[in-house]
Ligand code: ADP
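Shown here is one chain on its own, the form predicted on its own, set out as structure tokens.
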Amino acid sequence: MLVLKFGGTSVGKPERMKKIANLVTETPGQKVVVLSALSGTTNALVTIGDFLLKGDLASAEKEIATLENHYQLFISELYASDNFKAIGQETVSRFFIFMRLLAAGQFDDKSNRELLAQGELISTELFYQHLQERKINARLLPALYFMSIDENEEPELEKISQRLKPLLRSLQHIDLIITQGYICRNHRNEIDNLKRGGSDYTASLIGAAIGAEEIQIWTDIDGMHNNDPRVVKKTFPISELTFDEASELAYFGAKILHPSTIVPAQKYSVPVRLKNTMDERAPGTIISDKETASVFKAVAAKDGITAIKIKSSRMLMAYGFLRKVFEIFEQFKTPIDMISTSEVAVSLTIDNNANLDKIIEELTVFGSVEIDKNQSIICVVGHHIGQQKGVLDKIFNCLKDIPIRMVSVGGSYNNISILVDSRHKEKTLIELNQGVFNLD
């Protein structure tokens, strides 16, 4: 069985939703199809929820009306027959009546989570009705029947598997099983969402839970590229990556995939294929356990980084010092990306400044603290890259004119990380593209 996920841009227009129907019926075999909300819908729902939480009902209603009009136009182009146009109008009206009922009540965080779930619920129902109009053998299986998170907001993979497998057995005569990405139930059985990775995460969890043949993530780009195509002119899609390589790239800024997506698939060795809805013939990228010998695979950049340097003579010959420093970051639930130490100083980076002032206050007990904001981590990923001869020479020769704040080698077999001021990010990516991949 295949699990295919289609994102918001892939379902954002009626002609694209029709194309998805063609894509998922081209090959035989049972498939689970995971859909995101139509592009722009989740952002609109967030705006509506923000207005309602502030008590601004008039602004919320204006946004609801605009969104409803968009859906009415959408269904007028999606369905061919008057009968299914009427079904589409009833579906849209039902969802927007529910939104207005939420708005009219005591709107709180629980209501907001219910509101945010409506985008996926409506996109899947509209798509299912489109398949019905075309007499395609399909069923709608709500994600709220099987997808759940625990009190720590972590997916309950074993429970998901226990719920989902019998449901799929009961639908073994059905070709296409349609479900929602992003949404789930929490430990209180309330409607909630997966947050990190959204619909991609859903597809990976389903694939892992049922031991799928392959998980396909369909987006609007032909696989993961060797560099950021928004910054660098000449890039190319990578044909193969290991799970570890893909995780590094996703964590350090490759926008096509969220790092959480890789975890369930890697745990159960289910290959993940990245495909392009706009060009289904493009080979895309396959992510699996299979290693390839290419030294340099790709470069990614992560912005919004803050570097913190703690300098103290108390570090010299002192055990337990780093533990005490790390405990401060643990106390304020702030992850660390990079770290570099010397006899009298430790430098590290974070990507969340929410508790920066409190962290600095705690760190000053140990010595002087220096802060550099607006930094970027440039991640160079490849097969055992840190163990290959001449790799560092090649990288630093590319960057001889760029000030480098920190370097991390050896923390991962597949990653060399470089910290630069964000002003130099674009030049760093371009120079690496030229020097490492020989692309001008």
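Residue indices: 1-based, along the sequence shown. If you're wondering where the values come from, they're calculated on a predicted model, not measured in any experiment. Take the two forms, find the largest set of C-alpha atoms that superpose within 1.5 Å, and that set is the rigid core.
Just so you know, the form predicted in complex with ligand ADP exists too; it's not on screen, but the next bit is about it.
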The one residue among E214, D244, D228, E133 placing a heavy atom within 4.5 Å of ligand ADP in the predicted complex is D228
None of K234, R100, R94, K255 but one has a heavy atom within 4.5 Å of ligand ADP in the predicted complex; the exception is K255
(message) in the predicted complex, does L144 come within 4.5 Å of ligand ADP, counting heavy atoms only?
(response) no
How about T219 - does it come within 4.5 Å of ligand ADP in the predicted complex, if we only consider non-hydrogen atoms? yes
- Message: Taking ligand ADP as it sits in the predicted complex, is G88 near enough to touch it, meaning that at least one heavy atom pair lies within 4.5 angstroms?
- Response: no
With heavy atoms only and a cut-off of 4.5 Å, decide whether G223 touches ligand ADP in the predicted complex. yes
Counting only non-hydrogen atoms, the one stretch of 146-154, 255-263, 354-362, 288-296 within 4.5 angstroms of ligand ADP in the predicted complex is 255-263
In sequence order, the residues of 1-24 that place a heavy atom within 4.5 Å of ligand ADP in the predicted complex are K5, G7, G8, T9
C184 C-alpha shift between this form and the one not shown of 2 Å or more, rigid core reference:
no
Kindly check if the Cα atom of L429 is displaced 2 angstroms or more between this form and the one not shown relative to the superposed rigid core. yes
